[in-house]
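One chain follows as structure tokens, the form predicted on its own.
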């Protein structure tokens, strides 16, 4: 039973991060390789708000989430907007440069020392015993709950929301969407904002559960195979891909060698790229070699 709990928690982490990759690619066909750094920045924003609002922990958390949404929109408006209409490779390389810049700024501002926002906010992290003697911490459980809530909200938003339908239209045919009066830049900025928001949610919950340091970016990188395995334009695929990657990683840790944990997601990714490059639920389309 503990093995199942561990898989669900890790799959929730990867799924929350992977949906950010999917949102941006689905709307603008841009692969955001700075998503891990944006996720980590969201966690450090919680450190910043916690230090300033230690007497109001809930307000500090909500403010950090709001700031992550704003940061994502600003990244598009002030940087990625200039890449609209350019080569896909140019946009991808821009996100690589953005990731390196963010990593350097985070180290410059907060240093490489581990941070513990949970202690700064004065919160506890009790451990609960489940049937079968499995154990799960409060924030690990909240990761699972948050994944269910975020994916449910995104499915409803994209299916029934006005701006969600505009996002789908922009992703399917941006020229036709623009001709019908849809403001593409606003849609793309919203996609970047929501992507950063979901990634930051994962980063904050991980930081609250086990602390925070600059190595968190590796978690964002390991979530990338989950998005590709499921299909870069499918939210349902991101969920399935995250579950596959998590099951493979936890299985290797449990039955083979924990030192191979960081390698497993990319081995699964290589196998998927050989067998089905567009992912399990992705749309088969022309593949650009980047």
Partner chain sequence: MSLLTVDKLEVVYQRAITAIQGVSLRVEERQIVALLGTNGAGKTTTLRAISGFLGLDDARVTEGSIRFRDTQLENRPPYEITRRGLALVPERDKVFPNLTVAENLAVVPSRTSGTARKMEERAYHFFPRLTDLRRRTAGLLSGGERQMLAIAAGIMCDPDLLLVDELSLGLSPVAVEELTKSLVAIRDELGVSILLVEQSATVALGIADYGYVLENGRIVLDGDAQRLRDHSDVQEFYLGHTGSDRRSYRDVKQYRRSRRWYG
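Computed from a prediction, not measured in an experiment: that's the story for all the values here. Numbering follows the first chain given and starts at 1.
Although not depicted, the form predicted in complex with the partner chain is the subject of the following passage.
S.K.: Given that the partner chain is not shown alongside this chain, does residue 131 nevertheless sit within 4.5 Å of it in the model of the complex, heavy atom to heavy atom?
M.R.: Residue 131 lies outside the contact set for the partner chain.
S.K.: Does the partner chain get within 4.5 angstroms of any non-hydrogen atom of residue 168 in the model of the complex?
M.R.: Yes, residue 168 lies within 4.5 Å of the partner chain in the model of the complex.
S.K.: Using heavy atoms and a 4.5 Å limit, would one call residue 173 a contact residue for the partner chain in the model of the complex?
M.R.: Yes, residue 173 lies within 4.5 Å of the partner chain in the model of the complex.
S.K.: In the model of the complex, does residue 178 come within 4.5 Å of the partner chain, counting heavy atoms only?
M.R.: Residue 178: yes, in contact with the partner chain in the model of the complex.
S.K.: Out of 189, 182, 154, 98, which one falls within 4.5 Å of the partner chain in the model of the complex, going by heavy atoms?
M.R.: Looking at 189, 182, 154, 98 one by one, just 182 meets the 4.5 Å heavy-atom criterion.
S.K.: Thinking of the partner chain in the model of the complex, which stretch from 191-199, 114-122, 159-167, 143-151 has heavy atoms inside 4.5 Å of it?
M.R.: Stretch with heavy atoms near the partner: 159-167.
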